[in-house]
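This document contains two forms of one protein chain, each encoded as structure tokens and listed individually as structure 1 and structure 2.
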Structure 1
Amino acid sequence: MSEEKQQVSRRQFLNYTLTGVGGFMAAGLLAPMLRMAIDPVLQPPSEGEFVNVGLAVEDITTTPQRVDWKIKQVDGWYESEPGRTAWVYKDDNGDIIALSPICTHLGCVVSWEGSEDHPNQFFCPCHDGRYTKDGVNVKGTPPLAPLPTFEQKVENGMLYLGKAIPRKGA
């Protein structure tokens, strides 16, 4: 038996060559798009970072006070500094409480003593939602869950706040 060499015709050679070149070109075009789609998943999460809100612990009272601060945020190549807000006070034990001002009903902004009819409560003007001082929703009003609390820590006498943590409905 003799082995015959199989020859590639000119047509097959051009077909293989063009297919290979086309494949490399397609891979070159798709690789950056694939990288851009997958890259955010591979980035470490930025949640849980604490930000100095510019409030000294000694200035925190038992009456809730509104604290505003900015965070640095990067979305792709766009950098921004959106504002954040919290209601901060000390409870009867001297523990610091930091509540989110976002109503758990429809996302409106609540304010401390925002209604003359309901003193010493957080009030949401959108649908007359109410919360007690500790952020628990008042039964019979629209909110079905308490106000979220912020992660917090104290360093060098200054308050640092992290992300808001939802609480279970009462």
Structure 2
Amino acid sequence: MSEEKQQVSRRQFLNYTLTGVGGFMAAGLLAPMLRMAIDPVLQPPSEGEFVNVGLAVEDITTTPQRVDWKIKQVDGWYESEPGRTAWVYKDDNGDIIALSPICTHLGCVVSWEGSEDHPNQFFCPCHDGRYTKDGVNVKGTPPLAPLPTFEQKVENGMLYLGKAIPRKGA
């Protein structure tokens, strides 16, 4: 050992080395576990598949009608066919509108003219939330955003619906 003052004492050096090696081991142990735990967060968003909902375009009227269909869902190791619902109608331009019935307030299910007091509106029974025919929330009722609209396409005269896309609050 030289007589000069040491920059790093033997004790410090050992402390650093042990902390470093210990930290490296701890990180090596924890990294795979944490990576596994956060795996769902890092999954790419699922692509909505278009499903034939069993409704011919010519049968769509200007009055919203309820359409139920099933989608294929893979949830980890569990595969199922949960149902989906939409309210479908043609607007004044003849364009097809498919609205999700999930209330943007707290997720209850709305229905067209669900309340006798509010004709020509979507009504949510949970907190009296209301939406006009185009799905826009009525001011002064609980929902703060319009009903989501389904992605749609028409093939061979049949209506295909995909994912429900949320709309910005009005």
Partner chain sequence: MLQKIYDWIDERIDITPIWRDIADHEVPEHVNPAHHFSAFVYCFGGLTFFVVVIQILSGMFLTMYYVPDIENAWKSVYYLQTEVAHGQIVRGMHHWGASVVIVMLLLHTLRVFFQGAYKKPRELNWMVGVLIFFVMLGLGFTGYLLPWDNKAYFATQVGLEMAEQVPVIGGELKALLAGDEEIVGAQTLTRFFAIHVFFLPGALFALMAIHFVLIRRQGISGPL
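All residue numbers here follow the sequence of structure 1, with the first residue given the number 1. As the structure is a prediction and not an experimental result, all values here were calculated from the model. What we label the rigid core is the largest C-alpha set whose atoms superpose within 1.5 Å from one form to the other.
Enquirer: The form predicted together with its partner chain: is that structure 1, or is it structure 2?
Expert: Answer 2, the form predicted together with its partner chain.
Enquirer: Quick check on G140: with the core superposed, does its CA move 2 angstroms or more between the two structures?
Expert: No; G140 is a residue whose C-alpha shifts by less than 2 Å between the two structures when the cores are overlaid.
Enquirer: Please check if G28 moves between the two structures, taking a CA shift of 2 Å or more relative to the superposed core as movement.
Expert: G28: C-alpha displaced by 2 Å or more between the two structures.
Enquirer: Is there a C-alpha shift of 2 Å or more at R11 between the two structures once the rigid core is superposed?
Expert: Comparing the forms between the two structures, which are aligned on their rigid core, R11 does shift its C-alpha by 2 Å or more.
Enquirer: Could you tell me how many Å the Cα atom of I38 shifts between the two structures when the rigid core is held superposed?
Expert: So the C-alpha of I38 has moved 9.1 Å between the two structures.
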